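As structure tokens, one chain now follows by itself in the form predicted on its own.
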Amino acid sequence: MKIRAKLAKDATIRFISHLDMAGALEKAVRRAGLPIAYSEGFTPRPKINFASALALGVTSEAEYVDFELKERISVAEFVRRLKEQLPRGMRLLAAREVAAGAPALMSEVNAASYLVEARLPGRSSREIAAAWEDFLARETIYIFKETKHKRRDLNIRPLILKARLTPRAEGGTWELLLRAGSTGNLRPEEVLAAFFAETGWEGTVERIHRTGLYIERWGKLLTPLVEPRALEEAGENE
């Protein structure tokens, strides 16, 4: 069977890397005595798969993970046993069974929402609001993406699905919905860096918190914990 869970990563462990967080979760599963399935081969690995890696320093209330089990247990028992063994700073928020042959989370999730707080010293709330409105009105917003082999310009404007700013003197709070996954992956710090570069202002991102991961279908945003029938109904209602 496969159980899909929603986890939170609190501020106390925000500087733990994604790999370290995955390792801590694996240890918690082993301590809980859960019947986790393992891959085959020379180095078997527990079948625990995250929807999306979380950047260092970012907190979250929406980390989705699939656990493949070799024996059936109730979801309530899974939740109880895993909750008892999770390390400080990691919380289990919800869980449900999904079909064993359900598509991988990483291939399904295609949008992510964030709450971002940033400082812009010396700038009034009115200045910041006006500059942000001008920034979003642009048809193209380019950033540089660099890999081992090449550097390219990327227009990120189509990847900003929604954006709302609550300005304040010398800063503000941004609510961002960004494209994620294989169809395009945009990080919130890249959006703010592009904004700072466009204005020529000195700005500092102080906090990034992931508030959601979504499967976008037919113009609707659904969480990975949604029942499969809801996905079908979303299409039928169009």
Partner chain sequence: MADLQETLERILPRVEKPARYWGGEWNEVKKDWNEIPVRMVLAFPDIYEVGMSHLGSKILYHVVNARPDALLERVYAPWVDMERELRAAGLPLFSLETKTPLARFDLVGFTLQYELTYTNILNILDLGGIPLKAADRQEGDPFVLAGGPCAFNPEPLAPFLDFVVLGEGEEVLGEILDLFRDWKEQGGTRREFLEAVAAVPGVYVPAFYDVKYHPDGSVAVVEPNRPGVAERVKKRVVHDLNRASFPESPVVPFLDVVHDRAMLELFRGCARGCRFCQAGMIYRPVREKDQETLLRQAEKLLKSTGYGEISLASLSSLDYSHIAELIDALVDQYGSQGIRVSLPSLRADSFAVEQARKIHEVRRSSITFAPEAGTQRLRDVINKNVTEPELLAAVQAAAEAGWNAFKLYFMIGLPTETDEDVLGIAELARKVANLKPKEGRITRVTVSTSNFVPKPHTPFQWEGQVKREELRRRQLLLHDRLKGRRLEHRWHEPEQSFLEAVFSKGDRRVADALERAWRLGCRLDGWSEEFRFDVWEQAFRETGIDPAFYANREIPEDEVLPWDHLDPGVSKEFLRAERARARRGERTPDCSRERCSACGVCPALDIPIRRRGEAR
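Residue numbers count along the first chain shown, from 1. Quantities reported herein were computed from a predicted structural model and do not represent experimental measurements.
Omitted here: the form predicted together with its partner chain. The next part is about that form.
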{"property": "In the predicted bound form, segment of 59-67, 209-217, 168-176, 37-45 with a heavy atom within 4.5 Å of its partner chain", "result": "37-45"}
{"property": "Non-hydrogen atom contact V109 with its partner chain in the predicted bound form at 4.5 angstroms", "result": "no"}
{"property": "Touches its partner chain in the predicted bound form: A24 (any heavy atom, 4.5 Å)", "result": "yes"}
{"property": "is_contact(L225, its partner chain) in the predicted bound form, heavy atom dist at most 4.5 Å", "result": "no"}
{"property": "V98, heavy atom within 4.5 angstroms of its partner chain in the predicted bound form", "result": "no"}
{"property": "R14, D20 and R30 all contacting its partner chain in the predicted bound form, non-hydrogen atom within 4.5 Å", "result": "yes"}
{"property": "Heavy atom within 4.5 Å of its partner chain in the predicted bound form - the one residue of E139, D153, E133, E84 that qualifies", "result": "E84"}
{"property": "In the predicted bound form, the one of R88, R72, R126, R164 near its partner chain [non-hydrogen atom within 4.5 angstroms]", "result": "R88"}
{"property": "Sequence-ordered residues of 185-218 touching its partner chain in the predicted bound form, heavy atom within 4.5 Å", "result": "none"}
